[in-house]
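Next up is one chain by itself, shown in C-alpha cells, the form predicted on its own.
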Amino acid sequence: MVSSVVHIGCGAGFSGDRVDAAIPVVATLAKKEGPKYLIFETLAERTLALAQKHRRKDPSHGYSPFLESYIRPILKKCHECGIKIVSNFGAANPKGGAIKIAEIAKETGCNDIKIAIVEGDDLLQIMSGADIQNHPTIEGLDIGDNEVLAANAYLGARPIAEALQKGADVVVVGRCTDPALVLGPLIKEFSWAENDWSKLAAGTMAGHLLECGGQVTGAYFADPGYKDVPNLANVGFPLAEVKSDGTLIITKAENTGGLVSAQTVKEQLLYEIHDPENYYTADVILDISKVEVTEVGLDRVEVSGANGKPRPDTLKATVSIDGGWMGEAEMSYAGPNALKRARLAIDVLKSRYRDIGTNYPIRFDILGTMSVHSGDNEDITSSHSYPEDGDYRIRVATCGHEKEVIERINQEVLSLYCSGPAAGGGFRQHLTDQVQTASILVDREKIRPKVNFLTGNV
C-alpha cells in the first residue's frame, strides 16, 4: 500500500553541526502517522578528504567523527517510534560507521536493529590510480601526476531505497548525492519508477531543501535588522511532508526557534545551484525554474512545480590527492599605535621569508582590516582607513610539501615575541597534513553499488 504522506526530518546539515538539533526533530516525528525518516547529511568534499586521511592512518576509522554524538541521544527513541535513519556517516569507511552504530545500539538496548551498508562508491576498487588521473578535472585542483589517495563516486538514491525495502532501520552510506538521502526513502515508499523524472525531481528538490539543516529554517539566513530570526540559539531543524505526487511542505521541529518562510525556502532552493534549469544529480537533472513557493501557515511553506530531465550518463566523483602541509600562525598587537606595529610585524616576516628562499605562497592578514575580502596579492599596508589604536591580530598561512619549511615559516611568527615590534602576544600556530580534492566525471555503467547488512542476511 502506497503511503499518502512521508515525513522526513534532518538532524545535521554538515559534519560538526549542532549535536542536539535532532532531538526535537525526533520528538516531532514521533507524533506523526505513517512512514517517518531522519537524515543526517555530514559529508562535504573536504570532509571526505579528511576522512580518507584518518582511514589511511587507522583502517578502522574514516567514518564521521561526530557519528556517536549525533546517534547516541536519538537512536533508541527512533527505534521505538519506527523512525528510520539514513545518513552518509560512512564517509571513507561505511562499514566502520555501521559497526560503531551497532555498538551504540547494543549499549542502548536496541539489539534487534537492522543496519544496512551501501558501498560501491570507491573507484579504486574498479580502476587504477593512473586511469583516474587520465580523467579531466571539472572542479578543484589538477590531479596531474599526484598520487591518488582515494576516489569516490556520488551514488544515487536507488541503493538506499533497496536497503530500506529489505528492512533496514538504519542505512549508512559513504559518498552519495546529498538529496539522495531523502529521495531514497521516497522511492521506497512511493515506488517511483527510474524514469519518472518529474517525481524524482520533486524528491530531489525535497532533499536539497533539507540537506543543509537549519539553513532553510532561519540559520545562515539571519541578518539583524534586515532578516530577523527569532530565537536563533535554538533554531529548529527542518521537516518535509511529501505526498506521492511530489508536492511537499517544509516545516520545522516543534517548540524550537527559527522560522520557515517563503524567503528562507527560496534562498535554500537556490543554494549551490549554478543553473536552476539544470541541476545535475545521479538520479535526475532537476529543473526548479517553474517552482512555486507558497506560505500556507505559520512555519509551513508548500513547494511544487519541480520538473525533471533524464539522468546524466556520468557520475561526479571526488578524487583525493596528497596536499602536503598547511601552516598557520598568529600574533596579536593591541593598544596605542597597534595597527602600525602589526604592519611592521608583517614587514619583518616578509624580509625573513625572503631570506629563507621559499617559493611557497604565503598569505598575510591583519585581522580587523582586510582579512576576509583582501586578495592574495593585495597590499595590506594600503591607504584603507582603519584606526591606528585598537586590537589587531596578524595571521600567516602557507602550504607546501616540505614540512620543515612550513614549520620554519610558523616559527618566524613565534620569534616576534622578542624579535619583533613591541608588545606582541597571544601566539598560536597550527600545522596539519593536507588532502586536496578534485572532481571528475566517470561512466555510471562502471559503478556497481551494493547493499549489505551488518547483522544477518535479509
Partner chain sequence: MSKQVENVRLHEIAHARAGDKGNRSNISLIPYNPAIYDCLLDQITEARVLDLFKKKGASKVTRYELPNLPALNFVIDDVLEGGVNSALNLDQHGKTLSFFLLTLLVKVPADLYKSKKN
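Please read these numbers as outputs of a predicted model, since none were measured by experiment. Residue numbers count along the first chain shown, from 1.
Below, we refer to the form predicted in complex with its partner chain, which is not included among the displayed structures.
Name the stretch, out of 31-39, 390-398, 57-65, 421-429, where some heavy atom lies within 4.5 Å of its partner chain in the model of the complex. So the stretch in question is 390-398.
Tell me, out of C81, M370, M127, I346, which residue has a non-hydrogen atom within 4.5 angstroms of its partner chain in the model of the complex. Contact residue from the list: M370.
Counting any non-hydrogen atom inside 4.5 Å, which residue from A334, L232, I104, I273 sits next to its partner chain in the model of the complex? Among A334, L232, I104, I273, a heavy atom within 4.5 Å of its partner chain in the model of the complex occurs only for I273.
Looking at the partner-bound form in the model of the complex, is E328 within 4.5 Å of its partner chain by any heavy atom? Answer yes; at least one heavy atom of E328 falls within 4.5 Å of its partner chain in the model of the complex.
Under a 4.5 Å heavy atom criterion, is K309 part of the interface with its partner chain in the model of the complex? K309: no contact with its partner chain in the model of the complex.
Whether P361 contacts its partner chain in the model of the complex should be assessed with a 4.5 Å heavy atom distance threshold; does it? Flag for P361 set to yes.
Its partner chain contact in the model of the complex: E139, any heavy atom under 4.5 Å: Judged by the heavy-atom cut-off of 4.5 Å, E139 is in contact with its partner chain in the model of the complex.
Does any residue in 196-230 get within 4.5 Å of its partner chain in the model of the complex, counting heavy atoms only, and if so which ones? Q215, A219, Y220, F221, D223, Y226, K227, in sequence order.
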